[in-house]
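Shown next as structure tokens: one chain only, the form predicted alone.
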Amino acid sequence: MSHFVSPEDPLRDDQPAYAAAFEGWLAAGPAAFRDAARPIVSSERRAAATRELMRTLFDDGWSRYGWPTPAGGLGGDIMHRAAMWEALARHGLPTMAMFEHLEILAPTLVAMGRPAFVAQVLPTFLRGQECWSQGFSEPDAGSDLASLRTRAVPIDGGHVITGRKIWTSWAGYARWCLVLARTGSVEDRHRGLTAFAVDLRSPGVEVRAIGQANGTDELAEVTFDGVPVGPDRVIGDLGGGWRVAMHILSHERGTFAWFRHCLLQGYLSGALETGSPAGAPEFGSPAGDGALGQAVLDLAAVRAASYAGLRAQAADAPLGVRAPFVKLLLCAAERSLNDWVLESDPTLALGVGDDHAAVAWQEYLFSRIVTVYGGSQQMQLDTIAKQVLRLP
């Protein structure tokens, strides 16, 4: 059932009405949602199911709300997107998969990309046809992003990029990569960087998946060997890559927490309904009950802080130092929830059981790295110490 969009569509300016209409759509039990909501151990099959869900959401109009009309959206703001993903998670969707980058990269593309290019790529991203990855970290430039050495050398008609990126999220499933490259000298540090949208199908690009401890391949190593990039693929200004990176990281560390916390909250609710995270009949020890209480409190803190971030973005207000606070709260919630998961059913660590148990163990192992990705916990604390507490 497609949602008909008219030029005077009332859902564009009425987010509660949009949320109610979307609830009605979900209540009908669309097949693409049912397929994506089941536990899927294979990363490849999980990605395929999520792509099909995104195609259905786009074709029926729902995922186009919250994005500007010149870029292929239907208007509205981030509150529409927040309502859609919250409802999907509450009904049982376990993951955004590679579409988490919709809330990390797409806002920056819309704000800083060339309008014609954004109008070309955003609809295909929303529809699940062409996904995006994020190329920031390098083997010798992880936490110190300003020291990166991937170079973009100017040529007639654009630049040529040469270098290597590591821990590149979703590169194995993406067509595009938002690459931060050096257009100035190494001594220029953050002032000599530029952001580019690179087509991973270009000659000279090699993507090698990195197998993770939890059995998934979300991350990859990407090598660029003389890859040409046209001028329309520059995001932001030449030499303005640091501003682009900070815009991206404010979403990754700030408003993205809302979308991730919705999935964690759905995971918790589903576990409470079935009896335990893996479906066992009992929750376990008193220590497990204490871990559950901690998870509930941590999720409530993320919900409050991240919702305030959503409201700030909807009002075009900068997140500023709000972002590292929210990132720290999300890390705590992710870990405490999965601590409860393991406390409730220690047999998960044995690696046996059905798909529910296998996915639960994948999530537990992933929760061990959350204090590292998107800027380490130590970096967030340092930012708060210097910019909020004004410590030396």
Partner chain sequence: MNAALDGVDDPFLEAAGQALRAAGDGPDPLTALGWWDLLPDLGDRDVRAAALALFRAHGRELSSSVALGALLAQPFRASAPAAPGTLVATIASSAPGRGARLLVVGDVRGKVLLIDRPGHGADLVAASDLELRPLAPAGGLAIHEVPVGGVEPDRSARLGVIAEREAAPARVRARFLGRLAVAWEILGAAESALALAVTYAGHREQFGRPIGTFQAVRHLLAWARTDCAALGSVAALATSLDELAPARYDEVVKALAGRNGRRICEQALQVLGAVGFTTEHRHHAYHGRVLALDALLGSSAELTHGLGAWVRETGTDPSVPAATLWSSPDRS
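Residue numbers count along the first chain shown, from 1. Source: prediction; values computed, not measured.
Missing here is the form predicted in complex with the partner chain; even so, the following discussion is about that form.
- In short, of 204-212, 150-158, 240-248, 288-296 it is 288-296 that has heavy atoms within 4.5 Å of the partner chain in the model of the complex.
- 304 is the sole member of 304, 186, 116, 111 with a non-hydrogen atom within 4.5 Å of the partner chain in the model of the complex.
- The single contact residue among 311, 175, 127, 190, judged by any heavy atom lying within 4.5 Å of the partner chain in the model of the complex, is 311.
- Contact check for residue 16: a non-hydrogen atom falls within 4.5 Å of the partner chain in the model of the complex.
- Contact annotation: residue 146 falls outside 4.5 Å of the partner chain in the model of the complex, judged by heavy atom distances.
- Although the partner is absent here, residue 169 is not a contact residue: none of its heavy atoms lies within 4.5 angstroms of the partner chain in the model of the complex.
- Contact between residue 40 and the partner chain in the model of the complex is not found at the 4.5 Å heavy atom cutoff.
- Site residues 377, 381 and 392 are all in contact with the partner chain in the model of the complex, judged by any heavy atom within 4.5 Å.
- Taking the partner chain as positioned in the model of the complex, the residues of 80-95 that bring a heavy atom within 4.5 Å of it are, in sequence order, 82, 83, 86.
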